[in-house]
Every structure is written in C-alpha cells, then in structure tokens.
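One chain comes next, on its own, written as structure tokens: the form predicted on its own.
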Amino acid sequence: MNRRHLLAATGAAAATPFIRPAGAQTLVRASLRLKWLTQAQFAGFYVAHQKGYYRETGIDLTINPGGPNLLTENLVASGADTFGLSGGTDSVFAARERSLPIVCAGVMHQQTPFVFVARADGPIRTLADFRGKTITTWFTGANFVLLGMLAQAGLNRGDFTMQPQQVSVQPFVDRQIDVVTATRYNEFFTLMSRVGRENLRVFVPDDHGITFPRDTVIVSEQTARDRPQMVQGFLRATIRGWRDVLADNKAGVDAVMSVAPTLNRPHQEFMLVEAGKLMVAGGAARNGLFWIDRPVIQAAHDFFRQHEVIKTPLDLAAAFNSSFLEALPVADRMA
C-alpha cells in the first residue's frame, strides 16, 4: 500500500466514530497473537476479553499465545492473525525492511524493558569495565542496544565477548559469564530470587540515552485500510482492560492464572507491577496508554541506521499509524 492510500485510511479512522453493535450477529471474528506464552505481561488483554470489552466494540476475539518458533509479524502479515503484539519498534523496523505489509497501531512499553546485569561484588562498575568480559544477550535487538551503549563508552566489538543468550540465566548464577541480559519484569525476578537484589549491578539503556519502546500492537496494511473502525475498537477495549488491571493488579493476575494456573503467582505479581511501570512512562504519562512517541521512534530508527542494522531509511509515517489512538478521547486513554 502506498503512502497516499495509507493516509486516506488513517483519515477515515480518525473521522469515523466507532458504533457499538446492535447485537451478537454483528460481531466480527478476529484474533490476537501474543509475542510469548500466557503471562501477566499480557494481563490487560485477558481482562478485556473476560469482561466482554472486545465484544462490546463488535469483535469476537480469540487470544493466541506466542512461542519460541512463532513470528508475530509473519502471522499478521499473512492474515493468519488479525492483531499481533510484536517484539517492539526494532521488530517493526525489521519487518518493514523485509517489505512485510504490517503497521504499528500502538506501543505498550514506552521504555526499554531489558537491562544488562553484572554482579555487585565483581570488577564491573561502569560500562568501560565490560572490556575483556563475557556477555550474553538476545540477538533480536538487545545486542545492538548494548553495542551502542558500549560504543559510547569507547569499546569496540573486539573488546569483549558477546554470546547468544539462552532461556536460562543459570550460567550467570554459576559465574560462567560476567554480564547477562534480563527483562525488568521476567528474568530479573529470577536473578533476584537466586542471587539477591543487593548482589546485582544493573545497567539501564535509558540511563545512557538509548530508548527502545517494545511490545508493539501491529495489524496488516489491509486491515488498517479496510477496517479502521475495528482497529480503533480493538484499542479502545484493550486500553479499557489495561486501565482495569493497572487499578487492580490482583484481578489482572487472577485473570491470567485462570488461563495458565501453573504459573508462579509471586513472579506474575512482580511482572505485572514492572510491566505497568513501563506502560505509563514517557509519552504515555501525557498522552495515554499505547502512545506512539514519534521522536523516540525516530531516535531508535536513527540509532539502528547509525549501526547499520537498518540498511536504508524507513518511512516511519507509513510504519507507525497513531490515528486509531488519536480518535479516542485522551481521558479514555489515561491509566
């Protein structure tokens, strides 16, 4: 879809109010593909689903969990799923560079959700101390964020050893590696449980001027063009669910564990608190949940261009469409 058609579609989304369906027969079937398995990071979607918020906006929604071998961008681009929660701005960049016809309609986490962790009793006190050390990280964007941070500290790629990180953080716990990557709401909980918070030193990308918003709501270009009311309705219901969760964390964890009862409840409670902090940070504090902060997106894009992760500049106006959110009253978007 060219830019002229995209702008026409976004204008329709902003100008046309969403009308609540008269009856169940007007419901449209749709699916949401999550980026990972069911957990409290996604509580707002489950609460909105269980309370019937999607149905109230005309959507008969099925929530499909993600997994290690599922690429949300591919599933949404192909039409296998209507909506997706993809990895983040970097995932959107990568998909658009591969000419996948997906559009970001909202951003859940306004700050970088992952951090880099060393032991407090070890020799690493600053980024410059990463020299000669062994680091594990995810080669899905986190690696480039770390490379940028270390470059700012004067380190080149040959000054340290960077390895792909596996699911377990046990190598760090066993002191086999010096630095491990952790999301603030997931692996960091495990590290605190096994090592102790007081024994960890944390390096936060945002503290070094590098912010990568993550957990992006995506739709196909065709859906954005042909069904703008449905996209707006999906965001309305989703934000309503998340507002409920942020006001009552216990209910959010209850909703998730009703779907996945074997989850560790203390871990899920921690996850939801930390994920909530990411959701209301940055531009969301002024403009509401799922805000697309264009200056931050542009900076992330330019950072990837600088490090040649993206080979050519992307049309960010086509890749990130905030008109669906802007059609909702600001008061309805605020947590």
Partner chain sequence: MKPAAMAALRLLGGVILAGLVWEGAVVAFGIRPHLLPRLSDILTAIAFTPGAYWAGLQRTAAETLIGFAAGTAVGILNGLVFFRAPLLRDMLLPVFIVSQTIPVIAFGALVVMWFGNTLLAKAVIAFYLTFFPVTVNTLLGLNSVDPKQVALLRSFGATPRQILLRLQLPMALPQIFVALRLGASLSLVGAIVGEWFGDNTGIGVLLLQAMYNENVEALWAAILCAALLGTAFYALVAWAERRIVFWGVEQ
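Quick caveat: nothing in here was measured; it's all calculated off a predicted structure. Numbering follows the first chain given and starts at 1.
Keep in mind that the form predicted in complex with the partner chain is not shown, yet the notes after this line are about it.
The listed set Val273, Val309, Val280, Leu70 contains one residue whose heavy atoms approach the partner chain in the predicted complex to within 4.5 Å, identified as Leu70. When you look in the predicted complex, the only residue of Ala120, Leu100, Val204, Leu263 with a non-hydrogen atom within 4.5 Å of the partner chain is Leu263.
For the chain shown alone, Ala128 is not a contact residue for the partner chain in the predicted complex, no non-hydrogen atom being within 4.5 angstroms. For Val28, no non-hydrogen atom is located within 4.5 Å of the partner chain in the predicted complex, even though that partner is not displayed. Not displayed here, the partner chain is kept clear of Val195 by more than 4.5 Å at the level of heavy atoms in the predicted complex.
Although the partner is absent here, Ser168 is a contact residue: one of its heavy atoms lies within 4.5 angstroms of the partner chain in the predicted complex. Heavy atoms within 4.5 Å of the partner chain in the predicted complex are found in one stretch of 142-150, 184-192, 112-120, 247-255, which is 184-192.
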